[in-house]
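The chain that follows stands alone, in the form predicted on its own, written as structure tokens.
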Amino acid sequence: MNSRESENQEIPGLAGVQAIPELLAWLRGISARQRLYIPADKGGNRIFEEFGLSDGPVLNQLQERTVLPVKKLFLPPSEILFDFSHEVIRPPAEPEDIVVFGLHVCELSADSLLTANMANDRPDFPYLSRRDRGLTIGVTCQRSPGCFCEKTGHDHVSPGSFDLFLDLGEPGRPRLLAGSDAGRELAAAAPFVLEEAAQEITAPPASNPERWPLESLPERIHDSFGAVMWDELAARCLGCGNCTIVCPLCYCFYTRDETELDPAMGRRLRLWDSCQLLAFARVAGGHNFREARSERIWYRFSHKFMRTQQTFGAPGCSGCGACFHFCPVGIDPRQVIAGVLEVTKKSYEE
């Protein structure tokens, strides 16, 4: 779809107000001042692309998830941590100010939790410096296929989790809500009346709004270690790491030094990694702490529903459903958690 076709189509909630050309004009004004990333089409998939570089924004399809979440802009798949030349170390250039438009509620919630995680204990300065320069504009989603954010509690966000939010909840009456001073400035030329976001923003209602027992999940995940269900999952899993790449809350990485012909000159890189890959837990001497695939799958779920839940009071799973949607063999976290609840059911009923 080209940009002209996109302009001529309407999106739910904006029907009848001819808002897409006005919305595009506002976005163009933002992009004239700083880098703006929006959902765009790439080979039939949605990606966050810099405004003006893609074939056209897909404003009529904002309800669809992007392949890679917004984390790719604040924690790039590959980045230079520093260059070195003999005894001189040069840090990378200061990050630029950016604006990201089109984040769903669960992604805004995940962005806040990931930032809290990266600021905890040992602050990740490359990530935090980049995140500090980014403004986010949320938008009402229509629930992407396979989304289950209501089960993880990531189906609502506070005004402090975004700078602006385009609320399309009531057809024909879009509202632009301010969540920060920077957002209010950004909204100066917006084609909507600006309102204050006085309360939490919630995702559209789910057909099955039942929440997982998050308080007991850490212990139940722990108790499920060694259960046959993990071996059955391992028999299906390809160990490709796709689930971690598309996850808005996974942040595993490794570092690598690249040198010039003169080994005293080069750079240190940080690249995404995955706890689902065999080599991830291999250490010097060849020992691997999680050689069995079943152990690696359990480890991922324990990280999300034990450690993150215990540390931050929220699971490290946003419920966006991207891992299931892009899994080559369709491993569904809802079925995994159902399995955990089943194998630990007896001990929790006694």
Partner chain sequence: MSEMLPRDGAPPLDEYVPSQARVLETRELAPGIRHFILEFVDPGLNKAFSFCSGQFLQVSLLGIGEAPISICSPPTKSDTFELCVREAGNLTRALHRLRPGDTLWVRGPYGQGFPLAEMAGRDLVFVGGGIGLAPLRSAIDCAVCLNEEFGELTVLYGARNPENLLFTDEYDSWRQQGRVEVIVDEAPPEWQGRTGMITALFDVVELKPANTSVLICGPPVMFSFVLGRLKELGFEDKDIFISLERHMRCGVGKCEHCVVESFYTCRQGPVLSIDQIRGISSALR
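Just so you know, these numbers come straight off a predicted model, no measurement behind them. Residue numbers count along the first chain shown, from 1.
Beyond what is shown, the protein has a form predicted in complex with its partner chain; the following relates to that form.
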query: is_contact(residue 170, its partner chain) in the model of the complex, heavy atom dist at most 4.5 Å; finding: no
query: Proximity of residue 295 to its partner chain in the model of the complex, heavy atoms at 4.5 Å; finding: yes
query: Residue 32: touches its partner chain in the model of the complex, heavy atom cutoff 4.5 angstroms; finding: no
query: Partner contact for residue 241 in the model of the complex: its partner chain, 4.5 angstroms, heavy atom; finding: no
query: Partner-proximal stretch of 115-123, 233-241, 188-196, 139-147 relative to its partner chain in the model of the complex, 4.5 angstroms, heavy atom; finding: 115-123
query: Candidate from 278, 206, 227, 128 lying within 4.5 Å of its partner chain in the model of the complex - any heavy atom; finding: 128
query: Output flag, 78, 246 and 336 jointly within 4.5 Å of its partner chain in the model of the complex, heavy atom basis; finding: no
query: Within 4.5 Å of its partner chain in the model of the complex: residues from 245-262 (heavy atom criterion); finding: 251, 252, 253, 254, 255, 257, 259
